Structures are given as structure tokens and as C-alpha cells.
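First comes one chain, alone, set out as C-alpha cells in the form predicted alone.
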Amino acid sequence: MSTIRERRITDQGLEIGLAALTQDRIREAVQAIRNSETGAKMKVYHETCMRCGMCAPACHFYVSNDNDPSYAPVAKVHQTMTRILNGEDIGPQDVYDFAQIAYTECNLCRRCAFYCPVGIDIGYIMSTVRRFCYKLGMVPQYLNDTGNSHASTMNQMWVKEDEWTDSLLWQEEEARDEFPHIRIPLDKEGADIFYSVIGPEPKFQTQLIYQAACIMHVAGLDWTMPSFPGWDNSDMSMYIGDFETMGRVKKAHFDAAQKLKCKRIVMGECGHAFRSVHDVGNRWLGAKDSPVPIVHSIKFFADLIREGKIKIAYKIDDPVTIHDPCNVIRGRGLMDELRYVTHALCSNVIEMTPNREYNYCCCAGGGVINCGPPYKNSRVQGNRVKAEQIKRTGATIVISPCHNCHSGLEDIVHGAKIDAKISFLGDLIYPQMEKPAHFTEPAPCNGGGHV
């Protein structure tokens, strides 16, 4: 069995935080976690865990590292939160260990909760360990930078307001080569759909905005995007443990949709953003549910196809498999809708085993991939089980409707030398949907702002 100290990875952010740690600060953070940051929920989990170890085989880190017991979910809790709650002596080097375990060796995927005989949510426990580390300034450098961007700009990629609107104008102009009268409507009050994306899309994945605009156009939808902050639905502050910034980011997102009086928010293909909007950030703001109805793109695409608003012209014959993103499958139950869309697009779908709510995490989610290059090798090694899953299917296309999953799977198929392409649903819908000839003719103006 290895130890966290033996596999320590040097991280500039953690080293800087370590240099500023004192025993008084650590004691203050421990008291905050024990007395004000947690309550009955954490106490029940702490007192009911039987240390049975049934959670161990649920964790991709444990399985991918040859069943090393130190990677078992219960062991991660025992090395961190148990020590905090038991009032044990915790020194600066221990906090470094806590940070590496909580931020980089747990994806908060909640698969282990399905295997725990009493349903302990270890994802919640490890999120609270992250909160403890954040209060002490112990956050990996790359992840912390995304949090700083959220706090300063309300998006995770330091995208300036003029860069955002310029990216939309650029994609609108590009799309007009195909659809001469297509629009990306900005700030249209009363639109049916407020469409939001994550920070990387205007930064280096603008083709996804292009595809979404084309799908909206062909479906004849009434939609808009905001020209002002609130367009980014992602939230790495949630994964840092900076819940104050998380609340500001989520409020900006909901406020933007409400300011434009939109009827619903449709989100692009991202899992963690959906978790932040649907499950965590809205609750932090005190909302009983989401202040504006939320629709993930999996459900959105399924409805468009089911209702005939877009028609699929042909199916591809390539062997395709499905990766179930944790936050929209275990977190929302969209597994059947994902398969409905996939089978509408593909004739040769091969399921991974296990799948659906029991599918293994991509090992990129939970902010782990955002911890950056220092942890890439441990992240790829920690997901060997997923690479083996994909390889067994023989698929040449892996559908993954989530940004973090998409990036994480790219790394593992490359690392395992698997000849498979990772695709969003939009990557297939856009080229395979019917594009009637009348969309090349002048369209009536339906009001609202314009880029």
C-alpha cells in the first residue's frame, strides 16, 4: 500500500499556501468546519460509516491503481475528514496531504455512494475537505487561477466582455456562409430560451457555439444569449470550496436570464456546470429549486428530435459507445434521453459495461483536470479502468456530452493508444440533421437585439 506522502506532487499553489500556514490558522479552520461549516449531515456520516470497505471497488482510482487500499473512498475520508472531526493534531504538511487527496484523487463523482450500504455521500465529505483547504489558502495553482477568473470576470477563462461578443459575431458571420440569414440574437427580452455555455467555448471551442446556432436556426427556436456577464454557466469555485464566489457566479447567471425575462435556460453540453446550477449553486442561494427552469442539452436535443423540430437525415454506421457523465446521469437521470439521441444518430451503438448510473467517472471531473499539468499522469493512470472499458467495446467514436469528460477521455484514449474519437452530441447532430433549402432564403425578422 502506498501513502499520500510517498506520491506527493509539487504544486506551486500548494507550496505558497504551505509557507503561510500556522498552527493557529489550522486550529481556526478546524473549528470552523466542526462548529459552523457542517452540521447533522456530516455527524451522521461520521458516526454511521462502518469502515466495511464496500465503497473501494466503486472508485476508479482504487481499481486503476491495482486495488491500492489508500485510494479507497473510506481511506480518503479516514486520512482527512475523520482527523478533522476527531480533533487530532493536524500540521501544515498534513494539510498539503489533505489538499492532494481531496482535489486530485477524488472526482466527487458519487459512484461510491451507490455501493455504500448506508448511502454515505463521500463526494460531499471530500467537498468539505476542499472547503477546509480553501479556507487555509491550500488550493492547486491551476485550479485556483480559474477561481480567480470567476471572481474577477464571472467566467472561468478571463474572457473580456468585448471578446465574448466578438466571438459570437465571428461565429454568426461564419455560419452565414451556410445559412445566409442566421442570427445569434443578443439580449432579446422575453425569448423562450436563454442559451448559456462554459468559458472555454468562446476561448477555444467556438465551433460548439456555431453548431448550437445552426441547430437553433433550423429548429426555428426563439432564443437569445446575453451580451453581459452571466453567459458562463460553469463554476470552478464550487470545486475549489470557495462557496462565496460560487454564489456570486450562480447569481449572475440566474440574474442574466431573469433580466431578459427568458422562460427557461438551456445549457450546453457540460456536466459540472449543470451540477452547479441545478444542485449546488441554487441551494447556496437559498432557492428551493432553480430560479429559472433549467434544461441540459441532452434533454433539449432529445425533445427537438422527438417533436420533429429537427430531423436526422442519416445515421452513421461507425461503432459508437456512450460515456455517461456523472453529473447528468447519477445527478439527474438523463441516461435514457442520452440513449434516445444516440440511437437516433448512430446505427451501431455498443454499450460499455458497467454503464448508466454505474458507469466509471472520466477522472477529469470534480475540477481534477483543472488542477493542470502537474497531475496529468496521475489522472490518466487513475482512469486505466475507463480506458479498458472503451477498448473492450471496439468503438471508434465515444459520445460524451460533457466538457470535462470530453477532455479527460481525450487524454486517456491518447495515453492508452486507443483509436477512438471523442464527440459531443452536437458534433453529430449538426452534420447529420436535415437542412431544408428554404433556410437559404430571406427569413422574417423576429425582433430583439442583434450582434
Partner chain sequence: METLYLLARGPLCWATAIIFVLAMGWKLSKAWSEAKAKDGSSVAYLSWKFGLRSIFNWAIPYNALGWKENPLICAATFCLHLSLLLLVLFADGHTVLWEYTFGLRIWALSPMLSDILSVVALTSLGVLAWRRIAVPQVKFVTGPADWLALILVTVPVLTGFLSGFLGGTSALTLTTLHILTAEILIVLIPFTRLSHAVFIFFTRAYIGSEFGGVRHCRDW
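Positions refer to the first chain, counted from 1. Remember, predicted model here, so these are calculated numbers, not experimental data.
From this point on, the text means the form predicted together with its partner chain, which you will not see here.
Colleague: Check whether Thr38 has any heavy atom within 4.5 Å of a heavy atom of its partner chain in the predicted bound form, and answer yes or no.
Modeller: Result yes; Thr38 sits at the interface with its partner chain in the predicted bound form.
Colleague: So in the predicted bound form, does Asp97 come within 4.5 Å of its partner chain, heavy atom to heavy atom?
Modeller: So Asp97 does not count as contacting its partner chain.
Colleague: I'd like to know if Arg330 sits close to its partner chain in the predicted bound form, meaning any non-hydrogen atom pair within 4.5 angstroms.
Modeller: It does: once its partner chain is placed as it appears in the predicted bound form, Arg330 has a heavy atom within 4.5 Å of it.
Colleague: Using a 4.5 angstroms cut-off on non-hydrogen atoms, would Arg306 count as touching its partner chain in the predicted bound form?
Modeller: Flag for Arg306 set to no.
Colleague: May I ask whether Lys43, His46 and Val118 all come within 4.5 angstroms of its partner chain in the predicted bound form, judged by heavy atoms?
Modeller: The answer is yes; Lys43, His46 and Val118 each reach its partner chain.
Colleague: From the candidate stretches 65-73, 399-407, 417-425, 379-387, select the single one in contact with its partner chain in the predicted bound form, where contact means a heavy atom within 4.5 Å.
Modeller: Going through the listed ranges, the match is 65-73.
Colleague: I need to confirm a contact call. Of Arg339, His78, Lys311, Lys315, which residue comes within 4.5 Å of its partner chain in the predicted bound form, counting heavy atoms only?
Modeller: None of the other options qualify; the answer is His78.
Colleague: Taking its partner chain in the predicted bound form, which residues along 46-66 bring a heavy atom to within 4.5 Å of it?
Modeller: Those in contact are His46, Glu47, Thr48, Cys49, Met50, Arg51, Cys52, Gly53, Met54, Ala56, Pro57, Tyr62.
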